[in-house]
Every structure is written in C-alpha cells, then in structure tokens.
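Quick heads-up: it's one chain on its own, the form predicted on its own, in structure tokens.
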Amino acid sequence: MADSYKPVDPDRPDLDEGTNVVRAHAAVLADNAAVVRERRVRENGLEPVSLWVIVSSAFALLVAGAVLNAGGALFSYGEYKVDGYVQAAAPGGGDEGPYTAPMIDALSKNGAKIYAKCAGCHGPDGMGDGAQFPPLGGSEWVTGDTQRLAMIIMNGVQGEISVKGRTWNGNMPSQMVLNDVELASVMTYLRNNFGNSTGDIVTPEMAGAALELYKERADGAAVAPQVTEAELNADHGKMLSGEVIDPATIVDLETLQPVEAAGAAE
C-alpha cells in the first residue's frame, strides 16, 4: 500500500508518516527569516542621508573656512611678494637672444650628464669603489696633461696603472662613442669636480684634436687598442692643442660659441 501511495496534489508536500511537521515548518520559517534579514540590510543601505547629518557637515565646513580665513599670512601671497623685484638676466643675456652662461658652466653641466654613464664604476662621487675602479677625485691622470686624460677616455686602459700612490690592475673599456663637444664636456667636468679644481676648460677644438689622435692610433681599425701606463707617459704627456679660452667666456648654451657680453656693443 505504501509503495502505491500517490499524493492527491503533487504541488503540496507529501506528509506521510515519516514527515516531521515541526522540523519542516522550522526550516521554512528559518529560510523566510534569512530572506527578510537580507532584504532589510539592502533597504537600510538605500535609505537617504538624514537631514541633521547634512546640516552638521555644512556647519563644520563653515567653521573650518572661517578658521582658514583667519590664518593670516599663512595663506597670503602678499607676504611672499617683494615689490619692485625683477629677476636678473643671465650673464651675457637679456630679454631677447640666446640662453647663455660662462663656458665652464655650460661644459660642466653637459659633462655631468655624460658622466652618469661612468658613475657605475667610478661612483657618483668620483671616488671609485676602493677595489677595482680607481678614484677620479684627486687623480693625477685627471688633473694633469689633458692629452693623457683624453686618451684614457677614448681608448680605455689595460694593465697596471698607478693612481694616487696605489697600483690598480683593472681593465677599462674604450668610451669612444663621444663627439668633440661631449668629450670636451666630460673632461671639463672631471677636471673641475670631485675635489678637482683646475679652473680651466677643454674646448671642443681641443677635443677635436684628441679625436684625430685616436683615429691615427686606430690606423683604420674600427676600435683602437687600449693604452697602457707606459704609453701614456711616453707619448701623451702633454696638453691638447687648441686655442686657450677664458673659462668665464659667455657662450650660447646651444652652440657653445662665444657671444658678446651684455653691454659690450654699447
């Protein structure tokens, strides 16, 4: 009989002898409570902001504005403005014409950018690493004859070399990706920074003479061989040829060509 029993209405629960009515009702009520709870949370989140919250926030903003307005010179531009102040023109420049600067400053500024490629070995302060790479600050190879310095930069160095009384045995590669202006700039920068103060400049003309020496030494090869300390002392212990220019000469920052100082033509 039980196997052949079929409910009269299939949409209603089959409350046979094994059905616990209390538990069935409890489950239905629990589900309904969860639905009501979730609906209540959603409705609470969509409720409009209370008027008292808006009024209190507006009042707080008004008070804050009043405090800032009474802050005095803290928010007053006039306290930082000097009447009659006129910015001074650059040396050798005026309201019109090219941007100018003393030649030593122009070359050194450009040289600092180029030296950034060398800082990985010789350090941002030019003092080397104390192990493989010698210091440039106070180095006789930097502050001495400019032809020796140019040959070191262009060709690189192999074998032992004495720097500041210590022997180094590294292997510096060639840096021959420089043109005359770049070579002049980095040499001028090295000779007047890191505690070095020769006070002179290496002009693009002098750097051009160094590039010609490099080509002669390469003798048609794509890259010239590295130099040694013996060769540097025997063949390149001299200053680069070229007209010596006063480091304070005013030049065009784009062309590095000298320009007339302000008022010179008057």
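The structure displayed is predicted, hence computed values, not measured ones. All residue numbers refer to positions in the sequence shown, first residue = 1.
One more form of this protein should be noted, the form predicted together with heme C (HEC), which is absent from this view; the next part is about it.
With the partner removed from view, the residue among P102, G195, G159, G144 that has a non-hydrogen atom within 4.5 Å of heme C (HEC) in the model of the complex turns out to be G159. For the chain shown alone, S139 is a contact residue for heme C (HEC) in the model of the complex, at least one non-hydrogen atom being within 4.5 angstroms. In the model of the complex, heme C (HEC) lies within 4.5 Å of some heavy atom of P173. Contact between K117 and heme C (HEC) in the model of the complex is found at the 4.5 Å heavy atom cutoff.
A residue is said to contact a partner when one of its heavy atoms sits within 4.5 Å of a partner heavy atom; A106 fails this definition for heme C (HEC) in the model of the complex, lying far away.
Contacts of stretch 124-138 with heme C (HEC) in the model of the complex, defined by any heavy atom lying within 4.5 Å, are made by Q132, F133, P134, P135, L136, listed in sequence order.
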